[in-house]
Structures are given as structure tokens and as C-alpha cells.
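Take a look at this one chain, the form predicted on its own, written out in C-alpha cells.
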């Protein structure tokens, strides 16, 4: 079967590869699930792997199949599978367990091991192919009523995790009632984080470079949040005029923005970094001022990568509630489809060159 792959370590090596069709019996404990791939989303991670910034092939292979944002339909299940049946729409988690205690209790997204296993990213093939098999432990059912949002399941899980983890950590405060949130970036993670925060009842300001109106600004408004153009103001000037944020989520892929958030966080606040910067950019920060402000202000910074099954389920719940509260808004994120695995060059071209594309995804098959 066809698959879109790269040669890790070799820039711009995306190509069409061949893999044998997997079988349910490939999972030895009877919990195998065969999924026909319908759609796969791509994002900056796929672009950076093709740029050879990171990524490793599975043992025994010279290539790595891309794609970590899956949506498909179950074709067959193993004898030990419960809760899934042929015809169900599903997505799949990305990270797979290693050997740490966190991996063994189902939180492989929090592994303490240096070596990690992620489908389509590191040491495991991804989903940009015709079929895949995985254990039912990593397959998450998608309600039929949400199938029109297909490849948003994985990015929504990341946004849901970032917000949930902030609240979980802030149990240290005994009583924490954030009122104002800043979201840096109006790409898919930024917009879905905006949704998750609105569902928590916060006043949300979503920052992006472009002046309104844009597709992103319209989505932010549709979610009843506030779009702020960095062409009109800086985050520091905005915070001086409107107040600092209790919770900030950075989803820009810019280390300057990530560190800039440290200057506009309120006392007892939380800053979450969700994006990965694969380059070697250097910036200057007012380290002494940040140091004293953060110590005296009990402020917190944490990184949030990937998501486990619980976060996928939480994200799907957020999407369902978001559809009920803001009907038709989230589907506007799905801007740029490409038909067929043979069109892999066009898929990558759009990912790199089409700056107005919020979500580039491939239609692999009908279903």
C-alpha cells in the first residue's frame, strides 16, 4: 500500500513509499484494530521533519511515514476488542509507551525517558497511508456527528490537555479562579485553545500578526473571543492598557513570543508553551526583572506536548460542546484539502507556501 514518507536527516526528501497492508493479528494480544485511513492532517511538525530538523525512522526502515493527525473508519477488530466495531469513526493517539512508570500507567505523553515513540514523528510510522493497525488502547472513537471535523481531533487533544493541565497544577493555589486568558497564535492550536478557554468561562484575547478581517479573526469572533492584531499593538502595551493575563497559552512556534509571555503574566498565573521551535534562534530577555517578578508573583511556566487517551476524549467533548454553542464555526478551520496520496508534493507545497491555510489535510479515501 502507498504511504507518504521522508528520509530522516535528509532535507526535502518527501516521497511515496510502499508498505505491506497491516493485519489485525499484528497486535499479539487480540486487541488489534484495522483502520481504513480517510483523512490525515499535516502541520508544522511534518514540515520541520521534512526539513530534517528532527524525526527518526523506525528500526529496520530507512524512511519514516509522516502524519500524526488521523481520522478513519474501523474495518476489523481483534477478538479481545470491546467498545469498537467495524464502521466506527476513529482517531488515534500519537505517543506510545516506553518503560517508565508514567508510560505504564497510561500517561506516555508524560514519559520520563529521553527516547520517546510517536507515530509519524519519532521511531514509529505515521498515518499518511491507506491502512494502519494499532491496539484498541490507542484508538479513540469519534461520534458520527463530529465526523465533519475529522482531523481536528488530535490538535484539539493538545489544546484540551494544555488547559486541563493548567487547572490541575493550580490546585496548589487551593482557590484559583482565572478571569483573563491570552492565546498567542491564531493557527489551529491557538484557535482550539481559544475554544477550550471560552468553554471554561474566561475572557479570551487571541493574538496574531495579521490585521482583521482574516479567516482566523472571524473564527475568534465566532467563538465570542477577542482578536488582537500585533500589527496594531504589542503584547506589553496591550497588557498595560487592559491588564495582565491569569493564563497564557503560546501556540506560535516563535521563541520570542514564548518568552515574551513571561512579561505579561499576572501574579499566581500560568504560562503554557505548546509549540516546538526547531531552529537555533537567540533572543535577549530582561532576565533580572523576570526573575524577581516571577519569584514574588508565584508564577508558573510549563511545557505541554502531545496528549494521552484521556485528553483525546476531553478534546472530543470540547468539540461537541463547541459545535452546540458556536455552530459551524470550528469547521472553518479546515481550509485546505488535498486529494489522494499521489499528490504528496502538493500537500507539502501548500503546507510550506500557503500562508493563509489554517489546516492543510489530505483526503486519503472516501468513507
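Just so you know, these numbers come straight off a predicted model, no measurement behind them. Numbering follows the first chain given and starts at 1.
Not on display, but discussed next: the form predicted together with a small molecule.
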Practice task
Report yes if all three of 45, 68 and 116 come within 4.5 Å of the small molecule in the predicted complex by some heavy atom, otherwise no.
Solution key: yes
Problem - the small molecule in the predicted complex: contacting segment from 229-237, 291-299, 87-95, 201-209, heavy atom within 4.5 Å - result: 87-95
Fill in the blank from the handout: Exactly one of 133, 225, 121, 81 comes within 4.5 Å of the small molecule in the predicted complex through a heavy atom, and that residue is 121
Completion exercise
Heavy atom within 4.5 Å of the small molecule in the predicted complex, from candidates 270, 186, 158, 197, belongs to 158
Problem - Close approach of residue 305 to the small molecule in the predicted complex, 4.5 Å, heavy atom - result: yes
Handout entry: Any non-hydrogen atom of residue 54 within 4.5 angstroms of the small molecule in the predicted complex
Key = yes
Practice task
Indicate whether residue 250 is a 4.5 Å heavy atom neighbour of the small molecule in the predicted complex.
Solution key: no
Problem - residue 285, heavy atom within 4.5 angstroms of the small molecule in the predicted complex - result: no
